[in-house]
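Encoded as C-alpha cells, the following chain is the form predicted alone, with no partner shown.
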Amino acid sequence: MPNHPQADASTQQNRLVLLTGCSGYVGGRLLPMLESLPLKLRCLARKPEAVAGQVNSSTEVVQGDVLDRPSLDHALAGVHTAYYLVHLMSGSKDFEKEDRQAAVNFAEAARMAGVRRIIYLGGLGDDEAAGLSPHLRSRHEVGQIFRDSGVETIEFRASLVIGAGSLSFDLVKTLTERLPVMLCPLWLKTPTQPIAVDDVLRYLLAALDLPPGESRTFEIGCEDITTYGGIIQEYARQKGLRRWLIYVPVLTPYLSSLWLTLVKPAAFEVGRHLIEGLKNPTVVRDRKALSVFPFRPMSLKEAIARTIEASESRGS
C-alpha cells in the first residue's frame, strides 16, 4: 500500500462521517466499528426511534429518506465522508427505478453539502457482458451516478458475502441443510468469487484513510474462484453432510427461486432477484485492491468455517 500521511488525531476527531443503511446486514456490523474510531458519527434513518437502541450515546441519529431529496440536506450538512449502504430491492416493485432516484438524490445532496467522499458497496459483474441481471445492472448504475456527481467515490464491488445473517449465504446454508438432493440449473456452475463479511468491513473501514484523489472502483473477493455449487459443497463438507447436486438444463431462475419458500417466504422477492444474478460470472478481474490495501482476504474455506462457528455460537 502506498505510504501517505495519516490525518492527525484532532483532524480525525473533527471528521464527520455519515452512515446510511445502519439497520442492514453490512451497515449494522460497520456501525460499532465506526463508533470505536476517533471520529464523529451520524446515522441516517427513516425512523430514528427504530435504531436509537443500536447506537452509542455519542452517535447522532437524524431522520431522512434517500427517496425524499429535501430530507437529505440536514443529514449531509458538514459531512466529510458518507457511506452509502442502501439497497431498495426488498421494499420496491421497481427497485431499479427507486435505486436510481435514491442515488441521484443522495449524489446531488452530497455535492451541494460539500461532502468529500462517498464510500459505496456494489456488486461484481462485467458491464460489457450481455444479459447482466437487473440486480447487478442497478448496482453498477448507482456507482456511476455517484462518480458522475463530481463527489469522489470509492466503490467496492463484491459477489456473495459469506457471513452469519447474510441473506445470500443464508440461502446456501438453508438449502444445503434441508435438501439432501438438489435439482440445480446449469448456471449454478457459474464462476463466482465470494468474500467474507469480515473482509468487506475491513475494506470499508480502510477506505476512510485512502488519500484524496479521483473516484476509484475496487473489485474485491476471497482468494478462491469457485461456483455456487462449490460453495454448497464446501459448506456441506464442513458440516459433515452428504449432498448430491443434479444439474438439469430446464430449471428456470423463477423455478429455482421457489427453493426460497423453504427458507422464509418473506424473502422470496429479494431472493428471486439474487438468483437471477447467478447466471452472471462474478469474479475479480481487476486486482488493484490487493496493491492498494495492506491485507489479503481470507480463503473460502476459512470464511465458511468462521460463519459456521458464528452461527453455532448464536444458536442459529
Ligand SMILES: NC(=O)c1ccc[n+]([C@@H]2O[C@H](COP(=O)([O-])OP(=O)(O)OC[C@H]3O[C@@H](n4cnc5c(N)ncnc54)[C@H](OP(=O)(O)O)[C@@H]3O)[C@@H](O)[C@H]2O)c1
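From 1 onward, residues are counted along the sequence shown. Predicted, not measured: the structure shown is a model, and the values here were computed from it.
Not on display, but discussed next: the form predicted in complex with the named molecule.
Residue 85 is the only one of 205, 85, 112, 182 with a heavy atom lying within 4.5 Å of the named molecule in the predicted bound form.
Stretch-level contact check against the named molecule in the predicted bound form with heavy atoms at 4.5 Å: of 75-83, 153-161, 206-214, 233-241, the positive one is 153-161. Among residues of the shown chain, residue 139 is one whose heavy atoms approach the named molecule to within 4.5 Å in the predicted bound form. Among heavy atoms of residue 290, none comes within 4.5 Å of the named molecule in the predicted bound form. Using a 4.5 angstroms limit between non-hydrogen atoms, residue 22 touches the named molecule in the predicted bound form. Though the partner is left out of this view, residue 120 does reach within 4.5 Å of the named molecule in the predicted bound form, counting heavy atoms only. Contacts of stretch 42-67 with the named molecule in the predicted bound form, defined by any heavy atom lying within 4.5 Å, are made by 44, 46, 64, 65, 66, 67, listed in sequence order.
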